[in-house]
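Next up: a single chain in structure tokens, the form predicted alone.
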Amino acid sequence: MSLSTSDRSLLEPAIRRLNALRPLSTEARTALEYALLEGLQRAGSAEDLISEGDPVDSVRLVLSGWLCRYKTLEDGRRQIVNFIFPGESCDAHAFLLSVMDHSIAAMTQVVYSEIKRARFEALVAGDRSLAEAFWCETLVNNAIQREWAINLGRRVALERVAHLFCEIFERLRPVGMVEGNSCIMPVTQMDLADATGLSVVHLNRTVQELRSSGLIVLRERTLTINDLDALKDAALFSPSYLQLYRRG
């Protein structure tokens, strides 16, 4: 069975993301492409793919759309602890644990692939480059979580929001979702507030400050960064933790 052009276009973010972390063999790419096609699923905006406490028996890779990892307190307050973008997995090795410790929700309409544990284990056992790519992704996810902890614990509001915008831009770049100095931003201010630990009012005030300083334009679900280096300076941002340029 050969892949159509539309199939390859749909699968490209996952292939590009993993290949950026560890060069994939031709055999690994082919095996992964067919596994992804077999497990295609769709979810609507605000739909939970998996909830805290659910058992885990598969690996989910996002092909289009945005998701978020979140925790909810007993009084209903929500904290987004990370975003998940096209090409990224919802924890490649989560099935090694008994249940999920957080929930994952679609923030937009999402297309993803669900690969059952036995199929996934056969894939990574059959090719070292694929196994290493998924382990690299797990390590990078851990690094991102550490950076988010620093964002919430030590950066002031403007640094937090600027840092989040820089990270989004840099994570979308290797999967071909950046055009010039712009990328999509299909989330609400409530989502951004929940990701940065700010109230919506404080988040809005901070975004307006970044706009008035000429660093960004946020309009019609698109983020434009007028001066990426200046925004990185304002955020105290270094992309090294994303490991996107490891191969030089």
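We number the residues from 1 along the sequence you see. Keep in mind that what you see is a predicted model, and the values were worked out from it rather than measured.
Omitted here: the form predicted in complex with the DNA. The next part is about that form.
With the cut-off set at 4.5 Å between non-hydrogen atoms, does V201 touch the DNA in the predicted complex? V201: yes, in contact with the DNA in the predicted complex.
Classify G197 as contacting or not contacting the DNA in the predicted complex by the rule of any non-hydrogen atom within 4.5 angstroms, answering yes or no. Yes, contact at 4.5 Å.
Distance check, Q208 to the DNA in the predicted complex, heavy atom within 4.5 Å: Q208: yes, in contact with the DNA in the predicted complex.
Answer for L40 alone: is it within 4.5 Å of the DNA in the predicted complex, judged on heavy atom distances? No, L40 is distant from the partner.
Just give me the single entry in C90, A157, A106, M100 that has a non-hydrogen atom within 4.5 angstroms of the DNA in the predicted complex. Spelling it out, the residue with a heavy atom inside the cut-off is A157.
Of the residues S213, Q189, N181, T222, which one places a heavy atom within 4.5 Å of the DNA in the predicted complex? It is Q189 that has a heavy atom within 4.5 Å of the partner.
Among 62-70, 48-56, 31-39, 189-197, which stretch sits within 4.5 Å of the DNA in the predicted complex, heavy atoms only? It is the stretch 189-197.
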